[in-house]
Each structure stands twice: as structure tokens, then as C-alpha cells.
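Next up: the same protein chain in two forms, each one alone, written as C-alpha cells (structure 1, then structure 2).
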Structure 1
């Protein structure tokens, strides 16, 4: 019998190379897709913003016009209005309200009585209802609830004798933002509640008990112990909801198309209208670049503040 070598066979150079290459081969397809889909369009969008190009001339190179599109977008008085609409009425108000309402509801639902009475399933099912509703359905449902003649809201107000005839909430400048904000907050509130609830449930109950034994009351426990522990989660939710809402198109578009007149126009609907209704792709791209710059600046400031706190 031949004596077999006892040491393990040395790896061939090709095998070693294969091992080194393997991670790259595994992640390459996804990275190519992301490059094609995010990096490519982002660069192309910037290039497009410096051209004049009609939707009908796509495929050809547009006329290079320097900063003309930006000059037009930034000097157009309706852009200022869109900017205020997007920032204040669409984003800040709904983010603040979502955080406040979401925090309140999460603190309430976190009470031990819900698990003691075995109501967890009911709470979870009900809170998920707006969230499983597609945004388009959310807008449809609220348009019906707010309908001037047949909607529950108007019928109830008339029934209570508060008004004589139905209010067309989405057609009046005094009520239209409130109506859009209601739709958005309704659909997007569960994300905030669920995320905060998850964080609350990860706080060890010993912490509350210890505070209670030291004589803290319920309010002190919530503000001095629970809230500080929620800070990281609230920070993430604020960042995500702000960015998602600032760029959101669907609620305003389906509720009002930016109307009445241009009253509820936001940057996302202005961009879509410029590119796909007025067929001016270059000017639309310029609006997109302005939006991205604002969001980028927001993210930078945000990370700076978070970083300083740590």
C-alpha cells in the first residue's frame, strides 16, 4: 500500500483567485442594476437640466442652454409657492403631526393591559388597516368621505346644524391643505406607531420598575426615562418620513392635481407637469435637481445635528 500524504493538499493558485473573486461575482449583478437605475439616471437628470428638450424630441440630444432652465425655475413665482407648499404644508406639518400622534398612540397602546387582556391581535389588526390600504385607495376613500353632497363629514356637520350646505373641502383654498394632510397622515400614521411600539417594547420593564420604586410618577417615567430612550428611533423616523413626504407625488396629484388653480402645487407635481404635461423634459429635470439639492442639504444638516448630539 502506498503511503498517503498526511497534510491537506495545497490550494491551486486558480482556486485562491476564484475565492478572492467570488464576493465580487456575487454582488456584481445587484451593483450593476443599482448603477444603471440610480447613478445613471441621477447623472443623466443633471445633464438634462442644462438642455432644452421636448418630450417629442427624446432620443436626440437637446439644445444645451446652460443655466437657463434653473434661472426660469428659480425666478418663476409659482416655484416659490410650490417650495412653501412642499416644505411647510406637505412635509413639516404632516411629519410633526405624525410624530406627535404616533408617539401618543404608541404610548397608549403600549400599556400592559392590552397584552394582559389578550388584545394584541386586535390592536395590531386595526392599526394596520390604513397601512394595507394602497395610497390611491386612501385618497379615493377620503374623497368620498369629504364629498360636498354625499360625504359622511358634510352630512354629519349638516346634521349637527353647524353648516347649511356641504363644504367642497378639496375645492376651497381654506380647507384644501387640511384635506390633503388628513389623507396623508391617515395612510402614513401606522408606520410611525408600529415603529415606536417596537422600540417601546424593547425597553426593559426593570427600568420603569426601578424608577417607580424610587418614587417617580407615570408622567416622570414617560418623559425622563422612556422618551430619551426613544430618541434614536424618533431620529430615524423623522429622517425617513421627511424624505419620503418631501418627494411624494401621489397624494397631491390624486387629491387636487395641484389645484384649485396652482394653490396646492408641490415640487413633485410641478416636475411631473413640466415634463409630462407641458412636455418640457429639460425644465422638469431642473426642478428635480432643485428638489435633490434641498433634500441633500436637509440630510447633511440632519446628520450634522445628530452627530453633534453624540
Structure 2
């Protein structure tokens, strides 16, 4: 007697709907948390940018002024100078230097000499010291190092006979940006080094050995094998460091508060000054929206240029 296989009972429409909704219900708590902590403040900031509202009137409804805050911000000559400072002096120069120094240090740390002498763990630990230092502490330490009267840097330069009196690095327009960039690069460089080093160590050693057998020298191995394989990692590092630096407020504010005068004013410090010194929350929010739009446009263009081959 042949036993016919029994077919599974048909699912009810409610069961089918439940299976379709299950993935969305699982991620719903995380999405609600993200909406509360990220999307909520962003939407509130955008709404604030279209209002005229004093810091002392927060919690009340402001006066809707349309695009007046954006028109004021975009036609203000100080915004143009802040944009140049943010883009060129704060972002482009420090990102390029961090990538160049980070790549060089990562290649050096990846050399076999450190593992042969069992010094790899020590060097990596020392590299991380600046990164585990809070930015506030790092800026305070560098301000002391660069002090015109008691700073170690000026004492060393005078000891070597290079200068006759201390240089106020953070008060001169000719040296202030170099001092700020030194603080920022010193503090943020380890992230670039460690990320590139991890990518280097994920490259199979067989590729290098095969290239050496084929007659390639070390320069050709680095430029034709290693660097192309690092391209995705370098792209992500460039994007992240650019966004973080463009929006950075800590280094400039703690080092100079935008001075001397407004010489080092950047968009982040302009937004803070407008909102919490001039008490004009609407205009300050408009500066924040402009910064977000610039970074959003940069990210779109960057991904299109870098990943268009894919």
C-alpha cells in the first residue's frame, strides 16, 4: 500500500502578513532610537533655521521668517572667510597630511623588522597615546607647549639660537593656523595609521611573494599591488576624516576662539558664536544647515567619483 505524502496546510493571510512584517518589527526599536536621537534634533534644527528666535525664548514658538536667515548667512562676508578657513586650512590641509603621514607610518609599522624584534605591540601602543587623550587635554597641553614665555617649543628654539624671544604661535596670523593644524593632526593621526595598518595586514603575503618571483622591486609592489588594494580603505578614511574635520569645533574654539580677531573663525565656531554669544538661534541653525548641505553634496560627489567604476 503506497502512502502519499501529506501537503503542508495552507498559511492564513494573517500568518503571511506577519512573516513579511517580522523583519521590520525586529529593527523598529533601533529605528525609533535613531529617529529620537538623530532625526529629531536634525528636523528641529531645520525648523529653527526658518525662525527668528532668541536663546532666551527657547521652548516658545519663534517668528517664521522664511529664508531670511539663510539669505543673511550667505550674504555675510564673514561666512565666506569662515568657509575658506573651514575648507582649506582646517580640512583639506589636515586631511591630506594625515593621509600621507598615516600611510607612511602604517607601511613602516607593517615592516617585518618590528615583528622580528617583537616590538610591534610597543610601537602600536605608543601610536595610540594621542588618540586616547581627550581633545580638551590635548589642546591644553599644546597651548602650554607653544606658550611664548614658558613653552617648551620656544625654550628649545631659543636654546638652539634660532630665535631671540618667544613666538606667540596662537596670537600671530602667520603661525596660528600651523599651530592649530599641528594639534589636530597629532591628536587624530592614530585613527588613520591603525586603520591603514589593519588593511595592510589583511593583504595576503602570497601576492607580494609572487610579485617578487616575477621580478618586481619593492617600489613596484607598493604602487601596483598594495596601493590599489588599499583604495577602498583610503576612500572611507578620506570621507570620514573630511566630514569629522569640516564639522569640528573643539580645536579652533579651545585654541583661539576664532582669533586673533576673526582670523581663524570657521563655520562651526561661527554657528556657536551666532547662537550662544549673539543669542540668535535661528541664524545659528541656518549656519548648521548650510554645513550639513555642503557635507551631503561632498559625500555624493565623492562616492560618485571614487566608486563610479563599480
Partner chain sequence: MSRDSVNSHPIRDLVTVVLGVGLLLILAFPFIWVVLISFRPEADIFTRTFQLVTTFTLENYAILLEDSPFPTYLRNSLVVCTIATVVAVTIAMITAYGFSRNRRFVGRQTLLIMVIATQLFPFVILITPLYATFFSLGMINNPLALIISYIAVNLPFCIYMLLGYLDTIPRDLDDAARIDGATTLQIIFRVILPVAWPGIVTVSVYAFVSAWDEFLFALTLMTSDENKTVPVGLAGFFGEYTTQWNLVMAASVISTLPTLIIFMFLQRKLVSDLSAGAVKT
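Because the structure is a prediction, the values reported are computed rather than measured. Between two forms, the rigid core is the largest collection of C-alphas that superpose within 1.5 Å. Positions refer to the first chain, counted from 1.
Between the two isolated copies of the chain, the second is the form predicted on its own.
Annotation: Cα of residue 29 displaced by at least 2 Å between structures 1 and 2, core superposition. Residue 17 shows a C-alpha shift of 2 Å or greater between structures 1 and 2 [criterion: core-superposed Cα displacement of 2 Å].
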